[in-house]
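First, one chain by itself: the form predicted alone, in C-alpha cells.
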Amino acid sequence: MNVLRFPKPPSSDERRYGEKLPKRLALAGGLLVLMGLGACSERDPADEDFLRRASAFTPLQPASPDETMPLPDLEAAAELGHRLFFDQRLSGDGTISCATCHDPEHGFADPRPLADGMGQATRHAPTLLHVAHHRWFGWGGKADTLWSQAIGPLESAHEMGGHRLALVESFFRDETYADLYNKAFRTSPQISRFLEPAEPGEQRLSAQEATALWPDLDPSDQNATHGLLADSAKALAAYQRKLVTGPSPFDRYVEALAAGESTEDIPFGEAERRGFELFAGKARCFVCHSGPFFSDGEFHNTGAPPLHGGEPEDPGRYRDGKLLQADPFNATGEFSADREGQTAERTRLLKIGSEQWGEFKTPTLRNVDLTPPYMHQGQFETLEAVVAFYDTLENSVGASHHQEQILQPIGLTEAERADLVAFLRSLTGTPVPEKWTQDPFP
C-alpha cells in the first residue's frame, strides 16, 4: 500500500503570500484570479486558464520577520552570521564549516547523498535557499525557528563536533567577531571571568579543552554561554535569510503573460507549460508542493526506499517532534524574544503520535535543479529519477495504515515525464548576490 495523508490547510502566512501579487500581475490578472475572467477580452482562453492556475504559485513574497529574534541591526547580524557560516575553526578538528555540507556552489545543499562532517550523518543536507519560508526546520522538524536549527549542527558529533564554549571564545579572541557582535546586538559579549586575554597568535580553545573546562564553570557563566550561543545562532539565521534567489523563468513568464507583454525572451516554452499543466493537474504534485514556495510545509511518508535498501529505520517527524518540544532553545524557551507568539503557540500545541513515524518534510521545489541528489537521504540522483518514482511508486516501502491513500501510480508517458522535469527546471531563480556566497576568510 502506498499512502500519504492529506496535507493540513495552509497557514495564514501561506494564504497571505498567495494573495500578494506584483503590481502588474494584480492589475492585469486580478479579475482573472478572482472571477475567472481575462483582464483583456482578446486573451487566448488557454492563457486565461493557465494564468488562473499559475497565480496560485507565483510570486514568492519575502519571508515574514521572525518575532522570536528581533535584532537591533539585522545587516550587521547577517555579516556576523556570514563569517560564522564559513568559519572552519568552530568545528572539532578545525576543518569543517556550515558551508562544508551547504555548498554555495551547489545551491547551498550537499552534492553527496548523506552529509559527511566529523562523521557521516543519516540524512541529506538540504538547500538553504529561501529557508526562512519554512515553518519547521530540518527533515523531521526538530526546530521551530531558523536560528534554533543552527545550534544542533555546531555541536553534533556527526556534523561540526564543536563546543559552545569554544564558539563563545571567538568573540573575545577575534576582533572582527567582537566588533560585529557589538554592532548587531548593540552590546558587548558579557562573559569573560574564565577566559584569560589572548596573546597575539595564541591558539584558541579547542572543542576538547572546552568540553573538559565546562563542568567547572560557574552556573552563571554557563548560562551566559548559552545566551551567546543563541545570539550566534540568530546571527546565522540573519545570514541565511539573505540566501534568496530572484524570479525564475516561470515567475517571469506568468507576470509577462498577465501584463500582455512579450514572453519570447523568457526560457519558458511549450514543454515547460505542458509540464506545469501536469504538475497542477494529472500528476497532482500540487497536493503537497503547494503555493508560491512549492511546499505545504508539512510532513509525509511518501514510501521512498532507504538509500541502502531494507526497511525504513529513521522515525522522522515522530522522533524529531519530541526533540523539538524538549529543546531549551525552542520558541517557548528563555532565549526566544516572543514566548507567547504564533511560533511558540504552534510548538505548544504540537501533537506527536505514532502515525507520524517515518514522515519527512515536503521540500520546496524552487531551485530544485541546482540541488541533487533528492529526498531525505539523497536516494535519487536526478529529477528524472524522482519523477519516475512518483509516476510508478516502484520499490516504495514503509506505508502506514494510519495515512490517507492518495499516492497512486500516475501513468505518465515518457514525453509527459520530460515535460514535468522541464517545468521543475524552470523554477530556478537568478543567483543569490555574490556578496553572500563568497567565503569571507582568505
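When you see a residue number, it is the position in the sequence shown, counting from 1. Every value quoted in this text rests on a predicted model; they were computed, and no experiment measured them.
Heads up, the form predicted together with a small molecule isn't pictured, but that's what we're talking about next.
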item: Proximity to the small molecule in the predicted complex (heavy atom, within 4.5 Å), stretch among 262 to 270, 246 to 254, 116 to 124, 339 to 347; value: 116 to 124
item: Selected contact from Arg83, His133, His289, Arg241, since only one has a non-hydrogen atom within 4.5 angstroms of the small molecule in the predicted complex; value: His289
item: Leu324, Leu180, Ala150, Ala78 - the one with a heavy atom within 4.5 Å of the small molecule in the predicted complex; value: Ala150
item: 4.5 Å heavy atom contact with the small molecule in the predicted complex for all of Ala56, Leu393 and Ser396; value: no
item: Residue contact check: Ala283 to the small molecule in the predicted complex, 4.5 Å heavy atom; value: yes
item: In the predicted complex, Leu71 touching the small molecule (heavy atom, 4.5 Å); value: no
item: Interface membership of Leu427, the small molecule in the predicted complex, 4.5 Å heavy atom rule; value: no
item: is_contact(Pro363, the small molecule) in the predicted complex, heavy atom dist at most 4.5 Å; value: yes
